[in-house]
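A lone chain, given as structure tokens: the form predicted on its own.
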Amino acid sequence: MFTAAQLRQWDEQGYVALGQVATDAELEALQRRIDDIMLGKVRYPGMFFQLDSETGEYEDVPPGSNAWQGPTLAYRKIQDLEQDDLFLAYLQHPRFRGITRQLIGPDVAVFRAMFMNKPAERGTHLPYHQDAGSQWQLSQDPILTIWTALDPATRANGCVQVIPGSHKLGLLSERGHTITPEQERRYCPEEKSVYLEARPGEVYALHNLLLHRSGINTTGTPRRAFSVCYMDAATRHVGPGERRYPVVFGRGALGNG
């Protein structure tokens, strides 16, 4: 669980550094597994894949699909990683169980268990945004994302930047996600931005309403990360069609959750 000091930082700043959670051996296994998934050596039905943009511009990111798109290490995003035993075991780590019980409750699902990648000497600029809003088509907005660096995350390779305390602004757009240029000028001056640099295996807890962005990767090695959005298992899909979200803690949890 969060300590009292961490809980105060969560309330005031909207993010908390958790240090390294996985062991070195577990981290190396996750690194190998995500490369195997990208290269097609390990396959799962219906897993979502999105390639990186060719230009580095967010508007040029291809839409992606629920199908593997060929062997390449240039995927930008892969979702549904709770299907994989290694990633499921990691996202069900007792440390995350304690934090989700503290912030959410006993029964917890994931909206998305997602690999994010900025391939070597490329990557896509992601503008300031919030991870909530009507586009997610949920009965309530989640508040917690656990972000783990799989490689070093630095300013040079596009680490996450946040605006501390911006979660207190509430949802800035009903639809959610990116904000307007006027809102960015008002709420996101460079002097307020904090770069969340991290060593491999280090973890941040992020409030979903916290304004954040990331740049491109100017280095010769990838910047890979694993991001899990946790939410109350009672949360329901409110858009067209039927969708169920995987429970990872509490009643009906996958695996040993």
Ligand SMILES: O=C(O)CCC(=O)C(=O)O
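A quick note: this is a predicted structure, and the numbers were derived from the prediction, not measured. In case it trips you up, residue 1 is the first one in the sequence shown, and so on.
Not on display, but discussed next: the form predicted together with the ligand.
**Student:** Which among 162-170, 83-91, 118-126, 99-107 is in contact with the ligand in the predicted complex, heavy atoms within 4.5 angstroms?
**Tutor:** Going by heavy atoms within 4.5 Å, the stretch is 118-126.
**Student:** Tell me, out of Met114, Ala149, Ile179, Ala132, which residue has a non-hydrogen atom within 4.5 angstroms of the ligand in the predicted complex.
**Tutor:** The residue in contact is Met114.
**Student:** Does Gln31 reach the ligand in the predicted complex, with heavy atoms at most 4.5 Å apart?
**Tutor:** No, Gln31 stays farther than 4.5 Å from the ligand in the predicted complex.
**Student:** With the partner left out of view, is Ser227 within 4.5 angstroms of the ligand in the predicted complex by any non-hydrogen atom?
**Tutor:** Ser227: contacts the ligand in the predicted complex.
**Student:** Indicate whether the ligand has at least one heavy atom within 4.5 Å of a heavy atom of Asn217 in the predicted complex.
**Tutor:** No, Asn217 stays farther than 4.5 Å from the ligand in the predicted complex.
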